[in-house]
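Take a look at this single chain in structure tokens; it is the form predicted on its own.
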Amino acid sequence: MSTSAPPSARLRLAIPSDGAMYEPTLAFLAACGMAVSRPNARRYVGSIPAVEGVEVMFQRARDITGHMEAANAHAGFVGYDDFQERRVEGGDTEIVLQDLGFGRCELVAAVPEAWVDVESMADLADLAVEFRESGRELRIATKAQRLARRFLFSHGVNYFSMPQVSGALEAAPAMGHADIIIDVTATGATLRENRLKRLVDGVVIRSEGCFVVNLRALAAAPAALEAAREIVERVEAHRRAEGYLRVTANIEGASEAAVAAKVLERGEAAGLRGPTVSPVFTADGGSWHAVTVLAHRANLTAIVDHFRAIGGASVTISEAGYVFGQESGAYRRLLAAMERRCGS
């Protein structure tokens, strides 16, 4: 008998089907032990075999936040900039996990390199006034009008228009469709290739991938909430593990307690919670013990040196795939947000 969740009880998880977020999102989930299964590129529904009860919905990146707000999906992975641009103020969507380490980019204001006197937002504000006094407005091409307007107003740029521009925004100034652009960039290479320069204080928003949920939709679907909990916990534990390594060494000593005391002579060697010490059964009857600590990456060399100094041999290093805490802070915050929003 199948134990899979019925369709109505599944967590509907939206992930990007295109653009710069598509492959990084898949790679991130795979690194978290939750590889996505997609039968073929033309199928827009997939699954995560490692987590029961999840239906993956492949959606255009720019549409995911709208689907979340409409409760067409319970949860989703989306760029922070895109979410802030398209979310409904006071709506039911909320970020549960932010700065996930993939999809890094910036939304920036960029002007033609030929504008040698325009280096900052203050310069742009002065230029916008000059344009207006000469009978026209500064034309700004962007696909993030909401974020751009707030940013421009906050820097005193009050006179401008935002013409509709299709295609690559970087070409808009050269083609005469706009004067400047506010666009997403990861490295700045495309801006430079199109003879554009970033303003020194022109970063509108910095963005990475984030995990977003619809609080009301999850509150109404306990089975979907449980699947969301597993995703949240795995992602959180994997992200925490990125800061740690497992260090193991064989150290000679009269007892477990004696070996532990040697290890703890140096604070960094305690690792996250202290050493795990267990006897090693040797053919010659020596009193050796295996010592393992979960060490912060920054302390690796110091710990290895200390283990050597106290007679450690066969020091090995391994990656920690997950580091789970006593509870998931992110999931606790999710439940608290659901309580505030839904009262349940």
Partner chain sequence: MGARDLNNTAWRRRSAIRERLRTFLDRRGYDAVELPTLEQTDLFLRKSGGELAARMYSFTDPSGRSVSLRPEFTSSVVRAYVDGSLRGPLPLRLQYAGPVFRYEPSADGSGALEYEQLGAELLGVAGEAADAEVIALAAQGLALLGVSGHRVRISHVGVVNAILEAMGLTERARVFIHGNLGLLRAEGGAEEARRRAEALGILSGGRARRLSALAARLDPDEAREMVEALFADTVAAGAGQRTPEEILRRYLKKVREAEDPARVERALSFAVGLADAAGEPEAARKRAAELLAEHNLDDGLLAPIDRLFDALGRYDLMGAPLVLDLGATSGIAYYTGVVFEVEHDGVAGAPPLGGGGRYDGLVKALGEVQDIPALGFALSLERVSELLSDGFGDADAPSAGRVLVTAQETAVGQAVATAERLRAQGIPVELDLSHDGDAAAAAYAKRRGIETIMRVGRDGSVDERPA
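From a predicted model like this one, the values you see are computed outputs, not experimental measurements. Residue numbers count along the first chain shown, from 1.
Missing here is the form predicted together with its partner chain; even so, the following discussion is about that form.
Proximity of G90, W115 and A122 to its partner chain in the predicted bound form is complete: all three residues have a non-hydrogen atom within 4.5 angstroms.
None of the heavy atoms of E265 is located within 4.5 Å of its partner chain in the predicted bound form. A residue is said to contact a partner when one of its heavy atoms sits within 4.5 Å of a partner heavy atom; D82 fails this definition for its partner chain in the predicted bound form, lying far away. None of the heavy atoms of E193 is located within 4.5 Å of its partner chain in the predicted bound form. Looking at V232, you'd find every heavy atom of it more than 4.5 angstroms from its partner chain in the predicted bound form. Only one segment in the set 70-78, 184-192, 152-160, 234-242 has residues whose heavy atoms sit within 4.5 Å of its partner chain in the predicted bound form; it is 152-160. Interface residue among A260, L225, L147, L127 relative to its partner chain in the predicted bound form, by the heavy atom within 4.5 Å criterion: L127.
Exactly one listed residue, out of K143, R104, R216, R139, brings a non-hydrogen atom to within 4.5 Å of its partner chain in the predicted bound form: R139.
Annotation for 182-206: interface residues with its partner chain in the predicted bound form are R195, V200, D201 [heavy atom within 4.5 Å].
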